[in-house]
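To begin, one chain is listed below as structure tokens, in the form predicted on its own.
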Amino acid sequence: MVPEAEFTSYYGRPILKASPWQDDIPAYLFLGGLAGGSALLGAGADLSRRPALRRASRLGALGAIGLSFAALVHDLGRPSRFVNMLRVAKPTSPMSVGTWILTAFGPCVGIAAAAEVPRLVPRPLRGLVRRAARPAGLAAAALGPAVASYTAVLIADTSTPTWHESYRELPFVFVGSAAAASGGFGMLLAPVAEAGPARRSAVGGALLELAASQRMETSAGLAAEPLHTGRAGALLRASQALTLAGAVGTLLGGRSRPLAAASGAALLAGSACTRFGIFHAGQESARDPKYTVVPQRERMAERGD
């Protein structure tokens, strides 16, 4: 019998070309999630009369989305390339939809945050900003889940094996990670008397992230292998440890100011490790032809080709 041919590629080059993205992109993924979750938490704090948590969340959302924009523009090369994407609206393109989501989200977050620092607002506009703060904050909160999750759809809608095979669970991982990070941020900066919603967001987000990550590793098959090896594996193991420690710390001692701050910092760090780990796992899966060829052969065998 003829032995089964080994999978390889022409001239030893990868079958897929790994994305040219650098660490700007996982930073953009993390910061966008933090901004979306913080906007939602800030609106809840506003409605429930928690001014310190509202202030921390609104300003955190503005800072995070500003840095996220900066990371994205740095990757694009110049701001005009982002502006050029607004020339069309294509519902079937995650990039196009995400561009419009960010364009609507940014000004809403900016208006809500401006009300927290009235001294920086020109005097004639202060009354207008104060009146517009709550509607703008609610609009930002409505867009927050989309800001936190659209990046998962964006990277899953590629041929990169680990990202593509995780398309079912990846949005839940990103949303859970965003909720954990924003809750951790609120716990870090708000007094414990007002941080109840932040604690609930942190614990709920951490549990969702951990459960969805476990499901993703099971359902992705061979493409999940890069999630456990190399740099990506180290980052994701750190993420699980930090997220679990932050959730446990929140449950056991969330009303202790030092423990709340430590738990919040752990959740923030865990969320960042999640985004960087998934990013590097995808890049590694694109470089090795095994993750492209073996699943293709399995699908062909199932169809009887």
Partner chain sequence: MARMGFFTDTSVCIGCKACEVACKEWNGVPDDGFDLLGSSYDNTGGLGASTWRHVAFIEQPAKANGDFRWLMESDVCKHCTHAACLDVCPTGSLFRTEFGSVVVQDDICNGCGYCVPACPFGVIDRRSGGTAVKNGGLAQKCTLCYDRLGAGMTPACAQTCPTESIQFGDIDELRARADARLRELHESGVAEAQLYGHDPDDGIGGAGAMFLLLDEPETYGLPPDPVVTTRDLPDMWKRAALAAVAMAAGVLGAFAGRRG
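Positions refer to the first chain, counted from 1. As the structure is a computational prediction, the values presented were derived from the model and not from experiment.
Although not depicted, the form predicted together with its partner chain is the subject of the following passage.
At least one heavy atom of G44 is located within 4.5 Å of its partner chain in the predicted complex. Contact between G127 and its partner chain in the predicted complex is not found at the 4.5 Å heavy atom cutoff.
In the predicted complex, its partner chain lies within 4.5 Å of some heavy atom of L40. Heavy atoms of T160 reach within 4.5 Å of its partner chain in the predicted complex, making it an interface residue. Shown without its partner, this chain lists L189, M85, A104, L222 as candidates; in the predicted complex, only M85 has a non-hydrogen atom within 4.5 angstroms of its partner chain. Only one of 114-122, 70-78, 129-137, 231-239 lies within 4.5 Å of its partner chain in the predicted complex by heavy atoms, and it is 70-78. Across the proposed site, K17, L154 and M300 without exception bring a heavy atom within 4.5 Å of its partner chain in the predicted complex.
For the stretch 102-135, the set of residues having any non-hydrogen atom within 4.5 angstroms of its partner chain in the predicted complex is empty. A decrease of at least 3 Å in the separation of the C-alpha atoms of R287 and G77 is found in the predicted complex, compared with the displayed form.
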